[in-house]
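Let's start with one chain on its own, the form predicted on its own, as structure tokens.
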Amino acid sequence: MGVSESENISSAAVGGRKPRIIVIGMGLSGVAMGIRLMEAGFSDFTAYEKAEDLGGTWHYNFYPGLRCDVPSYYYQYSFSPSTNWSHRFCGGPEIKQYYIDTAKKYHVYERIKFNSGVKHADYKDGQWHIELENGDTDSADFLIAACGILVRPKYPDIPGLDDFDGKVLHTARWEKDLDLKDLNVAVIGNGSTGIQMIKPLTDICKKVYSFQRTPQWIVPVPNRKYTAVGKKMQQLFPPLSKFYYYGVRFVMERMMGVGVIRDGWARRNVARACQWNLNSIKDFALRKKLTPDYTPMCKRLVMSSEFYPAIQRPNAQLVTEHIDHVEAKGIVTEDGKLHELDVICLATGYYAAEHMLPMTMAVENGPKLEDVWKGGPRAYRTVSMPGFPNFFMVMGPNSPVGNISLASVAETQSEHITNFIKMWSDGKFETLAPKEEATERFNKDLVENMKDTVWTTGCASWYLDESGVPVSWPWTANKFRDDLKHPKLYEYEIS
């Protein structure tokens, strides 16, 4: 795939009807969807973004130490590789700028309406009709939700949190230009976010407390800085960038991607690397506190070569006693000890996999989203739902967020969706939605194949829904791409 900047991409590349399209959300998945539409000649679309700029999670997050835990060369679109990544794991601002630049390059940016959250969507009279939070309305032949998975911050229910005299911040709602120098700071939560923060905070803070509920397995991957010579070589020889992309993709999908779905050499090698990294801690008592009791990758694997050295610094302290309550001066743990603080950082994650929620959706004489998802989000092959005609999702339920780069997932899903819109343009259908029985069969296969995945080996994580069923993809990346590249039309209701 690829759209040359010199091409007139707004002219229709397909024959027949020209659809009106609405895209909700402009994170990396929405940008990918917009580019696919532009490439196909479907320029009559509007993207609605509730924030004041695009980027999704990379717009909302800018806490100290923020960076992606997927290598930069894999966390980009295959058709538009950057030659200017500064590090193996780039920081949030650099990632956000890449998606802004790419959206502008492919003429998607000017089709975005910012500060425009969608409140409700109705399907009636053969079209989708949306209502925005500001009262505006719009309608289209196709509705595409690219709302992301890590969107709404989760705040912990800790008694007395509102009584704290200092500042309380969720990492997804950080304050710009916040000065933490010489302060006593607590970090609650030790997933990727909490662990990323410890090193930069210990560089400036008087004291940093890491409140740990469950230890994490950490893979040691140095965040190598790329040289100017390497960047220049990619500019002179563009195929090098593609080589880096597919090389990193191969390693990630064959190691992490295969390791999470079945036991074998990949899972064992990751486990060895994690154990080797943990053994670098010489203090036996500290090492014991940091040792997980579950299989590596059961929770989202953390990649860091900085956390273990940082947590051993004199101004860092790991706290494993559970938090009892918060009072004006700080956090009191169950052993009765008061940890006096100036700032409390909540690295407590998100309500993952809400997708379009809390937006409401309804079909005339048909289903309502709140009823269909009462028992949890479900979909047909991650992109569509029975009873919701001409509606698609990018990063929908059971997308392979645990074993493939989200940029790669978005590319695959957006191409799949665009191919259906091409069929509509060619007059091959008026409305399309997956059959209920096909969706039931797909979800039954999902649950059955989850049994061998690492997510069911005995830990609690955001990969599991309320009933303990993993919400990710239990097969390989190749199967995901193949399934969406070759849709089974007999599994759809087509009129």
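Nothing here was measured: the structure is a model prediction, and the numbers come from that model. Counting begins at 1, following the sequence as shown.
The form predicted together with a small molecule is left out here; the points below concern that form.
Enquirer: Pick from Q76, Q413, S399, Q196: which residue has any heavy atom within 4.5 angstroms of the small molecule in the predicted complex?
Expert: Exactly one listed residue reaches within 4.5 Å, namely Q196.
Enquirer: Note which of S425, T202, S82, S192 lies within 4.5 Å of the small molecule in the predicted complex, where distance is taken over heavy atoms; exactly one does.
Expert: Here the answer is residue option S192.
Enquirer: In the predicted complex, which of the stretches 345-353, 304-312, 130-138, 387-395 has residues with heavy atoms within 4.5 Å of the small molecule?
Expert: Only one stretch qualifies here: 345-353.
Enquirer: Taking 4.5 angstroms as the cut-off for heavy atoms, does R300 touch the small molecule in the predicted complex?
Expert: Because a heavy atom of R300 falls inside 4.5 Å of the small molecule in the predicted complex, the answer is yes.
Enquirer: Test of understanding: in the predicted complex, would M252 fall inside 4.5 Å of the small molecule by heavy atoms?
Expert: It does not: once the small molecule is placed as it appears in the predicted complex, M252 has no heavy atom within 4.5 Å of it.
Enquirer: Contact between N223 and the small molecule in the predicted complex at 4.5 Å, heavy atoms?
Expert: Output for N223 is no: heavy atoms all beyond 4.5 Å of the small molecule.
Enquirer: Does the small molecule come within 4.5 Å of any heavy atom of V372 in the predicted complex?
Expert: No, V372 stays farther than 4.5 Å from the small molecule in the predicted complex.
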